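In the block that follows, a single chain appears as structure tokens, in the form predicted on its own.
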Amino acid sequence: MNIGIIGLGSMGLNLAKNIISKKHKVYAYEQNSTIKKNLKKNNIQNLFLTKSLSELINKVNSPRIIMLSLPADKVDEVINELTNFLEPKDIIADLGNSLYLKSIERDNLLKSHKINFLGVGVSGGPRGAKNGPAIMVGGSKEAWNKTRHIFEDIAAKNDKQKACSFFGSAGSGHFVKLIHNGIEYALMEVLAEISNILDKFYNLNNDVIEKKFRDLLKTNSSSFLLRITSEIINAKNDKDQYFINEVDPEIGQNGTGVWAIKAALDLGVAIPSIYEAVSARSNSKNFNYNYDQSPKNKKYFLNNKDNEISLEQIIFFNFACSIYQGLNIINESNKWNFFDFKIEDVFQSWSAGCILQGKYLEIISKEFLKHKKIEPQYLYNLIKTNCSDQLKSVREFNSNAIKMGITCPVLSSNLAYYDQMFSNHKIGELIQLQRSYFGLHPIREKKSNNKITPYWTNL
């Protein structure tokens, strides 16, 4: 087939290379003069640059497949222009990081022109785009049937399973992608906090941390993120300086983490680790403000106390809690009449090629297939089966960090989240009574659901 691509930045170009490697021709349109100049120098076989959108449309066979790999703020402008050239039954596939609500709007707009629309979440970065990304699709079923073979061809594979799923209605593919990104923020922060604690509390240098993380790649906590963290923690520049000591600490973000939080708030779903990870990025401009240059905790280094905790269980616990929170958003979003997710399909789309991939995720997925529901019992079984020391390592690691004033918001929020559900307390009861006292909000008995009328309600 010949396929049109608009946007040849790092993602678009590598997706084009992937598509070409599967024996398709790509006609592309790119406005950036520097990118065009570099492409002309490299002369990629079966990638044909066009001078205008109208030329691109004329080169692609009908019914046309036009893929957009554009910044989110450029998508509407290009779609509006494309409606002047495209014909009924043509397909526009938005492969950018778009908000799911915008995908729903675009689908409705294009339906009025009888043009099919797909909102496609793509994870794995430029390397994944070239070698096989994770693909999450929502939109027109007719368009999916015509393009499925292309997306499955270019998607990553995990054994025989393709990391590519169609979730149905418009916006669903981008919704799964934004939840993926929210979880990704949490997992990245988990590994950053653990690295910092190993440095500041256990006095381990970059070489030792790298080795410990590499050793964990042979365990059930192995993941893509752990692998790249083990590499970059010890990476040096050409002046033999660690990059981690040189890079500006203010963290960038593209908005998908914030979108995940807004969706969770709309659905009434608790996602403390995702929230704390996004909050850390927002606060990163203040990192190291007037910092205390206190010495490292040499006592723990000399006594080698780090052998008393299991990093494998600490990582697994935090990854499992963060993943569960994200899955809970997706599961609860089925309350909306425009989504109907199957969690098995989510796991399939994340099984390879994406930032979340790893051995730990395979274990989490297999446990779900036994339980079949996203509910607290599923998380409880998952942790009980895979954290054999009854969270002793998790609690000690967090406690040590807090005692020394070492920041660990995501590690702490995951433990608090777990304990809120699986420990005995009267927090909910007391807050309900407080609300009743000052606001006369109704309260009911636990077992009978009968109304309770305390003396303070008689005004």
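Because the structure is predicted, anything quoted here is derived from the model rather than measured. All residue numbers are counted from 1 along the displayed sequence.
We do not show the form predicted together with ligand 6PG, though everything after this point is about it.
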Contact flag, residue 116 vs ligand 6PG in the model of the complex, heavy atom cut 4.5 Å:
no
Please determine whether residue 185 contacts ligand 6PG in the model of the complex, using a 4.5 Å cut-off between heavy atoms.
yes
Classify residue 123 as contacting or not contacting ligand 6PG in the model of the complex by the rule of any non-hydrogen atom within 4.5 angstroms, answering yes or no.
yes
Tell me, yes or no, whether residue 309 is in contact with ligand 6PG in the model of the complex, where a contact means a heavy atom of each within 4.5 Å.
no
Given ligand 6PG in the model of the complex, answer whether the residues 181, 252 and 256 all have a heavy atom inside 4.5 Å of it.
yes
Interface residue in the model of the complex among 359, 281, 74, 214, criterion: non-hydrogen atom within 4.5 angstroms of ligand 6PG
281
Contacting member of 97, 140, 147, 313, with respect to ligand 6PG in the model of the complex [4.5 Å, heavy atom]:
97
Contact segment among 325-333, 265-273, 107-115, 173-181, judged by heavy atoms lying within 4.5 Å of ligand 6PG in the model of the complex
173-181
Which residues, if any, of 333-365 lie within 4.5 Å of ligand 6PG in the model of the complex when only heavy atoms count?
355
